[in-house]
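We begin with a single chain expressed as structure tokens, specifically the form predicted on its own.
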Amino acid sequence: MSSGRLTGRSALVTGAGSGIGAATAEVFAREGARVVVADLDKAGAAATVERIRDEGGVAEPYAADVSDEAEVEALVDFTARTFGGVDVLQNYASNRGVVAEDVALAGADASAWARQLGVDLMGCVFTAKYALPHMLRRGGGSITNASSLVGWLPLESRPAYATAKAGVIGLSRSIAVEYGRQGIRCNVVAPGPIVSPGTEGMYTAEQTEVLAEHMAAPRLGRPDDVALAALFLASPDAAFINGHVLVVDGGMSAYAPMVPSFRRLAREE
């Protein structure tokens, strides 16, 4: 049920054509925000907007590549012109097209690294760069950037992704420190494994079982789990929270790494 926590706010959500970004845009619209749904996938953005409008929400689609500074400037300008300003910025755009190329560092491909950092890190830089002046003119605003548990607990592969997500944390805290006294809050959501259309093909059935073993929860995460955490950070309820990393991982990072092995041994006895 909506409590109207974002009523009257203008929100820009990137990567909102699917997954966590789409869930966040939909939750924000239910809470009263007017939302620009941005995604490189024009059809995905339009589908999210259609779902929002079907529920009586207000949203507009916009196709943009967040790694392109000129496109981001136009996107933020569109948001401000359409809804009278920018109050809330949510960054979820991520380049999943380089997963196969993001290999062990000795075989690193410079182009793959540039494309990963270009979307996941520089996308956050560019959107904040152009949204901040609008927020400052309105006396403040809220930015939430998506990192990942991988940002400080890397996998055996995907070093470019881990580096980008670690960079998002440093960037977000820098924004919080630099602009916090001017009414800007910048926080981070760091999801663990999330089951969504964008991630279903990334794990085999065996890998999914391994992920489940590492949960201090009865299930894997869903996009709404992250969207509701992001709603809290964007809302007045989090007015005194700035520069914070909110981990949404079902407790995966809460315990010693040998715990799943101990559980397995106990089952075998």
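One-based numbering along the sequence shown. Note that the structure is a prediction, hence the values are computed from the model and not measured.
Absent from the display: the form predicted together with a small molecule. The rest refers to it.
Asks: Though the small molecule is not shown, can you say which of Ser147, Ser172, Ser142, Thr79 has a heavy atom within 4.5 Å of it in the model of the complex?
Replies: Spelling it out, the residue with a heavy atom inside the cut-off is Ser147.
Asks: Just to confirm, with a 4.5 Å cut-off on non-hydrogen atoms, which of Ala227, Val66, Ala234, Ala29 contacts the small molecule in the model of the complex?
Replies: Exactly one residue meets the criterion: Val66.
Asks: Using heavy atoms and a 4.5 Å limit, would one call Val119 a contact residue for the small molecule in the model of the complex?
Replies: Output for Val119 is yes: heavy atoms within 4.5 Å of the small molecule.
Asks: Though only this chain appears here, would Arg185 touch the small molecule in the model of the complex if you measure heavy atom gaps against 4.5 Å?
Replies: Residue-level check for Arg185: no, no contact with the small molecule.
Asks: Leu220: heavy atom within 4.5 Å of the small molecule in the model of the complex?
Replies: So Leu220 does not count as contacting the small molecule.
Asks: Hey, in the model of the complex, is Thr163 touching the small molecule, heavy atoms inside 4.5 Å?
Replies: Judged by the heavy-atom cut-off of 4.5 Å, Thr163 is well away from the small molecule in the model of the complex.
Asks: Tell me which stretch of 92-100, 106-114, 177-185, 126-134 has a heavy atom within 4.5 angstroms of the small molecule in the model of the complex.
Replies: The contacting stretch is 92-100.
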